[in-house]
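Taking the form predicted alone, here's one chain by itself in structure tokens.
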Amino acid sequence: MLFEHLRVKNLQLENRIVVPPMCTYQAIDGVVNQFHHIHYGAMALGKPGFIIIEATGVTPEGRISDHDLGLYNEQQAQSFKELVTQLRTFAVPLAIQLNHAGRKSGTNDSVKYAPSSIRFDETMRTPNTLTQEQIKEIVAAFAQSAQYADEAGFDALEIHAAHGYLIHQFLSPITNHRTDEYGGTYRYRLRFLREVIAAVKSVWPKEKALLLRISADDYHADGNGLAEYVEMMKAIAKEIDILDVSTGGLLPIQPHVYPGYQLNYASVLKNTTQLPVIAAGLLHEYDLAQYALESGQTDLVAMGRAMLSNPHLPITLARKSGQRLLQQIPYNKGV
């Protein structure tokens, strides 16, 4: 099962292993550089089914740090086009994750923005509450970045609505205390995400897959749990093609982590939305990944940290299962 093909819209995946978006903090002025070519090239040589490029800011202050990638100007767009051109030679489908960090931005910009003026913790600056005009500007920025991503040649695009960043901040009642049409019940807290999705789809080709990453649990009684996220995702399921399921990040709370600890979230969302899902959370052992797929709890398995340790992990796991992935000729001697 781990090495079965999967097709979702334009994506034709040779196996079910996903390299999830993982920040590397190696960019200068948001521009792709040699590090990213080597880093993602190594991942592509390992033959995963799918690679999602790390969280990329849609505005300067929307980056998580000053060393994150950005996709809001022509120079950055050209650097991504060069990266995609190089990685295309390895025949691994590519997506990019677009993000705005909101109150969790660690850039040196003097002002941060969030749905409400509530800081993440005592070490971070208190954000300004976004005006409706500023919200519209950020929505437009997502669309502009999506257009750049399409022109760069990406096969798919992921909107980051997880891990406590701006879209997640709008979704949760812990961080969204607004009294206008962007706050209140979950249907109003969904408005910002819905506007981002609509803006992105206005420029993103219909034939290309659109992914959404969410945190399916805020890990706090005053926030959203799985039941609340199920209702929200059911409301927008027809607008996306793949749901990438994670948890946490909204608050400085460390969940209890163990192999497969997020698998139930993916399973419930898969069954309730009828969308293909990506599950994450220490699923890199072959038997566990195989079980997650065979039991129908997920369609794809993210293996992030394990791929950092061993970029050729898919080839290693294929050999363990008695299969062989078609790899670059110079590496065949190692098999």
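The first residue of the shown sequence is 1; numbering continues from there. For clarity, every value in this text was computed on a predicted model and none was experimentally measured.
Not pictured, yet referred to below: the form predicted together with a small molecule.
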Query raised in the report: Thinking of the small molecule in the model of the complex, which stretch from 29-37, 42-50, 292-300, 274-282 has heavy atoms inside 4.5 Å of it?
Result: 274-282
Query raised in the report: Taking 4.5 angstroms as the cut-off for heavy atoms, does N224 touch the small molecule in the model of the complex?
Result: no
Query raised in the report: Does A55 make contact with the small molecule in the model of the complex, using a 4.5 Å heavy atom cut-off?
Result: yes
Query raised in the report: H163: heavy atom within 4.5 Å of the small molecule in the model of the complex?
Result: yes
Query raised in the report: So, in the model of the complex, is Q97 in contact with the small molecule at a 4.5 angstroms heavy atom limit?
Result: yes
